[in-house]
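So this first bit is one chain, no partners, the form predicted on its own, shown in structure tokens.
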């Protein structure tokens, strides 16, 4: 990354406490990422890897205790911003951590104080400077307010427009830009009267209507049929080209990431395993590559892999084993129990020592003992 980042996440940790098992669920565990202005960062990984909780943590939208407990989110967006500011500043005032052997074993958190602080700090950031498209568009829209009213409200709250008629015209303009069918008709409809694809277009229109510096798209194609998914991805590609808005794209669909992202972060077990340019991370023939990334790419059906299925049973390769339990994170590499590349020379290190997120090439970092690179922590 040659330009200063618009958003930089440093050592973000979001934990939840399971009373039934008397243990922490480490949903986000030491995530560090950065997004340059105008760039699309795709965050990919299996369900439960921490992608969505990372996005929600950025905006302080995490429910449940203890929630975000450490880390910094430096954001340089907003009109007239003099420089990056930490959206999680003064976090240490509300949180006390107890560690044993370098691991967090207890958390004491002033939850009401932390929540009040976050609301004050992020009140003018949410919606205006950072907008978010949530996973389920139908449940994210207010069922008792028409689609047009909701978009018009976003325009009036987050732009200089104050007159209702001008806000309506702006809202209609955005519905047209997202290729909504019959925008004037849809403007007066309630979300229940729209299909899932239409609701997603309405959500995208509402997010962009606020003219944000950063757009967070959390699984924007989940729950839609294949045809509608393709159309939404094509729309996002078109809007990216037209507006160049900086985007954090969360998805489990590698095809979506490969089409839209400039850089890619691969998450597993609540942390980042690989981070680099999309052309390096996602191209099957480019090495080095993290074993988890390679396994994800190998399990993806395509016209190429259809003719080269598994030699034994004729099926596509799968990643053996189960996703790591983030209540019982192993001491070593989080992927080692499922990795098919471990050698005898590094087996002990993989089982007992977590690799650092190290630089293996320009702009390309990896958390793997096979590719130690230049360690930078994180």
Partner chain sequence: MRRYRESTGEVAERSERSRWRAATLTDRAAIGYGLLVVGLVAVSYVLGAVGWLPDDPSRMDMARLNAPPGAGHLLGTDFLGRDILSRLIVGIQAYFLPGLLAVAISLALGITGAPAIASIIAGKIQFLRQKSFIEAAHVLGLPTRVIVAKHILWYNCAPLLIIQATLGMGEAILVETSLSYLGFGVQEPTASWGNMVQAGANYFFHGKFWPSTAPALAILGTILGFHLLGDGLNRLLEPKSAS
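Since the structure is predicted, the reported quantities are computational estimates derived from the model, not experimental observations. Numbering follows the first chain given and starts at 1.
The following text describes the form predicted together with the partner chain, which does not appear among the structures shown.
*Asks:* Among 106, 185, 89, 164, which has at least one heavy atom within 4.5 Å of the partner chain in the predicted bound form?
*Replies:* Exactly one listed residue reaches within 4.5 Å, namely 106.
*Asks:* Of the residues 358, 361, 23, 370, which one places a heavy atom within 4.5 Å of the partner chain in the predicted bound form?
*Replies:* Partner contact (heavy atom, 4.5 Å) among the options: 23.
*Asks:* Report the stretch among 336-344, 349-357, 29-37, 62-70 that approaches the partner chain in the predicted bound form to within 4.5 Å, counting heavy atoms only.
*Replies:* It is 62-70 that comes within 4.5 Å of the partner.
*Asks:* Even though the partner isn't displayed, in the predicted bound form is residue 110 close enough to the partner chain, meaning a heavy atom within 4.5 Å?
*Replies:* Taking the distances in the predicted bound form, the answer for residue 110 is yes, it comes within 4.5 Å of the partner chain.
*Asks:* Note that the partner chain is not shown here; using its position in the predicted bound form, name the residues of 322-337 with a heavy atom within 4.5 Å of it, in sequence order.
*Replies:* 327, 328 sit within 4.5 Å of the partner.
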